[in-house]
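Shown below, as structure tokens, is a lone chain in the form predicted on its own; questions about how it binds or moves come after it.
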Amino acid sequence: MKIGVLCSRIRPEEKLLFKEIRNRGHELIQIDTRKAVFDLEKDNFYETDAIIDRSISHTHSLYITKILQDRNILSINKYEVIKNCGDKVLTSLLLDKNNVPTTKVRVAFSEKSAMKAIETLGYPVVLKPGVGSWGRLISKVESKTSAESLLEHKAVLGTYHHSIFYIQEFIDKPGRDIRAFVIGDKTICAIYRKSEHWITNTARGGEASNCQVTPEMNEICLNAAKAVGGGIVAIDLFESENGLIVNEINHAMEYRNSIQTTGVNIPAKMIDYVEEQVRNRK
């Protein structure tokens, strides 16, 4: 089997994935998105059975997977999944539409309307870019003064993405959140991410420990994954006073801190899924 991997920066996750592909006797085709050129007059670009998206650029992933799918090349994850997970507004819409428990969210398109939305939700709130990862450019807004300052900076200094104000209720989580890994129709494992800071991402210093996947968690995670199109995703959850709620969904998640923590060989599970998808197409 020939398996391509879209990537740019090679992280530990990609190295583990490359190793798993080779150990199974598959041919690895590494595709650097920074060097790739796609002639749109051609029907095919790569002689592969499947291509796994691991690019750190959301925009690159979107365009390339769309190009590949339009030429009947199996892309994992699919273009639709990347689009739905990479845009927090779309994610929230799909979670709400499919009755998946999630945070309260307001979306506004001007400083004035964003200010009104923030005060309607009540302080504190969390202000996020619609597209982003690793907990970057996220602000906890605790007063009208800080809200006015942050909204002005986003409107004046940011790209057009920052003129779309994604405002989320603040959940007073118990010093941790949960990241659960869903592959296909199974929640394969989960971790707690603990931190003294209100942002618990492991990329920002959060500590990982094993989290048992409960029936409640499994049901919520599978419904959340199905809402955005399925595939290989990571579901970030909060433990609220009303039970587990979904915060975000990631389509090209990092997992370096979760393999030893959970005892689950995540890249092996990923390639199991890829092999299954290839077989199902034949």
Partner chain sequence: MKLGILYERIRKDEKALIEEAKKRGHEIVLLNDNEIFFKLEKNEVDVDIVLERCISHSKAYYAMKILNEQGIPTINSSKCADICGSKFLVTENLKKNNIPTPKTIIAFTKDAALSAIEEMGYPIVLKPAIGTWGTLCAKINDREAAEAIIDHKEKLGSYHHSVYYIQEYVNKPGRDIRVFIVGDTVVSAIYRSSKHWMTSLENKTKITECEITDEIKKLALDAKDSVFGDIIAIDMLEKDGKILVNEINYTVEFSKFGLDISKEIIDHVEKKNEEVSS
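All of these numbers come straight from a predicted model, not from anything done at the bench. Positions refer to the first chain, counted from 1.
One more form of this protein should be noted, the form predicted together with the partner chain, which is absent from this view; the next part is about it.
- Candidate site formed by 123, 188 and 256: none of these residues places a non-hydrogen atom within 4.5 angstroms of the partner chain in the predicted bound form.
- With the partner chain left out of view, the stretch that reaches within 4.5 Å of it through heavy atoms in the predicted bound form is, among 170-178, 208-216, 147-155, 106-114, 106-114.
- Contact between residue 28 and the partner chain in the predicted bound form is not found at the 4.5 Å heavy atom cutoff.
- Shown alone here, residue 60 lies within 4.5 Å of the partner chain in the predicted bound form, counting heavy atoms only.
- Proximity of residue 64 to the partner chain in the predicted bound form falls within the 4.5 Å heavy atom cutoff.
- The partner chain is not drawn, but in the predicted bound form it has a heavy atom within 4.5 Å of residue 92.
- Residues are counted as partner-facing when one of their heavy atoms sits within 4.5 Å of the partner chain in the predicted bound form; in 9-35 these are 33, 34, 35, in sequence order.
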